[in-house]
Every structure is written in structure tokens, then in C-alpha cells.
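A single chain, nothing else alongside it, follows as C-alpha cells in the form predicted on its own.
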Amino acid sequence: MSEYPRVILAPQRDVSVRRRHPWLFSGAIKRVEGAPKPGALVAVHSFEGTFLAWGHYSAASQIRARLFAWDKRDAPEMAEFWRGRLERAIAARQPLLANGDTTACRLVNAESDGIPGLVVDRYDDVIVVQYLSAGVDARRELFNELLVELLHPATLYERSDVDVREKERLAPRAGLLYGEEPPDIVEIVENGLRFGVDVRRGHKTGFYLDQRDNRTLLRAAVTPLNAPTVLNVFAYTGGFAVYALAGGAAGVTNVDTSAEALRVGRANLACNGFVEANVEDIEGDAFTVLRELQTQKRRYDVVILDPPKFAFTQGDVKRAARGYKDINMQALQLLTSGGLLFTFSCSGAISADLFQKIVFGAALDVKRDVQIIGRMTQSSDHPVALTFPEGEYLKGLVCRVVR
């Protein structure tokens, strides 16, 4: 280990490392021995000199090291080490893909799969990768080679064009890494339903894979409601709308700021046989549109609120809470008695407990009696390591309006 830089922790600052939390913040460090470059492998030691963990170093980030191995006998600079981590993560998703009913999922979920900063998503035979931290970015070529070797994709495409890279002073990057240029729209199957995905320009890596299980829950909830009307807010490319119609909805109103997303949503409806379905698309700001629908005295049996991240840091929480409360107030007023609200927050800084309190406050202010009948989180291919609760960023409630 002597050839690697050493990170020495301050006295009594080793508890989280011993508990195998993957983030080591700058305030826990006493000193750094050596001059580690961005992404360099470092050996983390207690103040007393005991080896604790291997990590990747980033002087630019408050997360000074991202930890991934706690056995000093590991050899994390060897390709075999990372091949083993990838093989384990990929194998865990194979039951989901086995019967062809679903052809898209997350294959590697960063810290929770033991590879901090690496996201790998499959869209049929197109693999999309994100390098989000200095450690994996410094080993980008190795991971590219291993992914091609293990997955044999037609295309390996990079979408490292997200804001989180700025925290480690990494420039955005996107483009073809291997194989053929992806088509403008990649067609996938999810639970037997078909969707078009734009892996070049779409949100995240092209599709909200983390909502797959919740879309299934929506379809199951819609079916016994006897042809309900559905309002799908922050609709993006209409994933929830397709599932609602597959469950027997009489009509769906989609709301989104993006005309292009709504256009792709229409195409998704068409490829699932819903060309003649009663679907209304409203292009506009959700906060404004919800108020307009309220003014028009529109009512719906089911409302879905799946907004983008409102809180990026703890400093954003108060402002975000106001936004979540506002849209939930409007949604609750648009629901019929007995109607269902599927409401989400994907802001990691908003805890599940706080989110429930926000929805409670919304219900109180609009004087509606509301019950929680279900709780939601990200799909099973987005696992959360028990040592890394921050990995559970998506939280949702299924609420029923009593009156």
C-alpha cells in the first residue's frame, strides 16, 4: 500500500468509514500524505494509523474521497477488480430482462453497486453510461472496454453531461464511445408496453427508468376504477399516460413545458395502439396550468405529479418545500372525492418524512380529507445500499381523497 497516497482521518472521525458509508467529506480529514491527482486511488487510515478503506480522491469536491472497498487485500487498480463489480451488478438485473417483456433497465447504480459515480443504463442493445465522479472518469477507458466485453452492445454512448460533474471540476461530455451511432429514437419494451427513447438528448439517460415499478402500480390502481379520467403533470414522454390507458383510463390530460416531449409522448401512445384514445396535451408551466384547470372547474379521478428535482442542496429545501406544497394543493383541489393522487419528489435533500409533512400541509390548507394508501420509491434496478441511505432519492405517496 505504500505506493499509494494516504488519507489520514482526524481523531474520532472514522465512524462513518467503519460503517462503510461511501462518502468521505473534507472535514473528516486530518492530512493527506502524497500528492494524489484527481481520481487517484488513496488508502484511508484512521488517526491511529489503521487501514480503513480504499477510495478515489477529488480535491475539488467536498466529498474528498469516494470509498468502495474496505479490505486492504483488494487490488482496486486491477481490471479484474472492476470486472467483478460490473459482473455482479449486471447479473443482479438479468431476471428483470430474462423474458423479453422488459428490454430497458439500470445495470449499474453507482455507489449502491460499489462503483461510485458510475451509472450504466440499458436500452435494448444500446448502452448509455455516465461518469459522474473523478474516480470513474479517470478510469473511463477501462470501464468502456469492460462494458463492451461484458455486454456486447451495438452502441455504447456517453451522457456525462450533467451538472453534478461540475462539483468535481469535470467538464460535460457526451458522444459515441463504441459501435454504431444510436438511432434518433431507440425503441424499448417495458412490461410489454413500447416506448421511444432519445438517448442523445433525453432527460437523464433518455427515460425515467426509476419509475418503472410505480408506473406498474398506477396501471393496477387505474384498472378497478371504471374508466377514470387522469391528469398527468410533468408528463415528459408520457410513460404514466401509456400505463394509465393500458389500465383502462377513459382519458388522459398530459401537462409538460416541452412540446418535443409531448410529441414523443404522442408517438408512444401510437405505438401502443392508443391513437384514438382521448388524450389532451397541454404545453405550459405546471404551476400555471394547474391553476387554469382549477379556474375551469376541471376534475379528475387520478392525478400524477412527477416533478423534476426542486432541491439540489440543503439550502434549497425551504424553497422546494413551497413548490411541492403548491402543486399538491392544486392537485388535491382537482381530484374528485375518492380520487387518487400519485405524488413524487426526486430531491435527495427532501426526506420521505418531510415530503409527507408537505403533502399533509397541502391537504390541510385546501380542507380535504386524505389517506395514504401506498408508498413508492425507485424501481428495483435502482437498489439502495443499506450503508448509503442517500441513494434513496425518489419517494412517493399514493393518496386517496376521502372527501
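The first residue of the shown sequence is 1; numbering continues from there. The shown structure was predicted, so the numbers you read here are calculated from the model rather than taken from an experiment.
Beyond what is shown, the protein has a form predicted together with a small molecule; the following relates to that form.
Out of the listed residues Thr216, Thr257, Gln294, Thr223, Thr257 is the one that sits within 4.5 Å of the small molecule in the predicted bound form by at least one heavy atom. With the partner removed from view, the residue among Arg299, Arg88, His203, Arg266 that has a non-hydrogen atom within 4.5 Å of the small molecule in the predicted bound form turns out to be His203. Within this chain, Ala235 lines the site of the small molecule in the predicted bound form, having a heavy atom no more than 4.5 Å away. Phe240 belongs to the set of residues with a heavy atom inside 4.5 Å of the small molecule in the predicted bound form. Taking the partner from elsewhere, Asp285 is found to have a heavy atom lying within 4.5 Å of the small molecule in the predicted bound form. Proximity of Glu111 to the small molecule in the predicted bound form falls outside the 4.5 Å heavy atom cutoff. Only one segment in the set 257-265, 314-322, 116-124, 101-109 has residues whose heavy atoms sit within 4.5 Å of the small molecule in the predicted bound form; it is 257-265.
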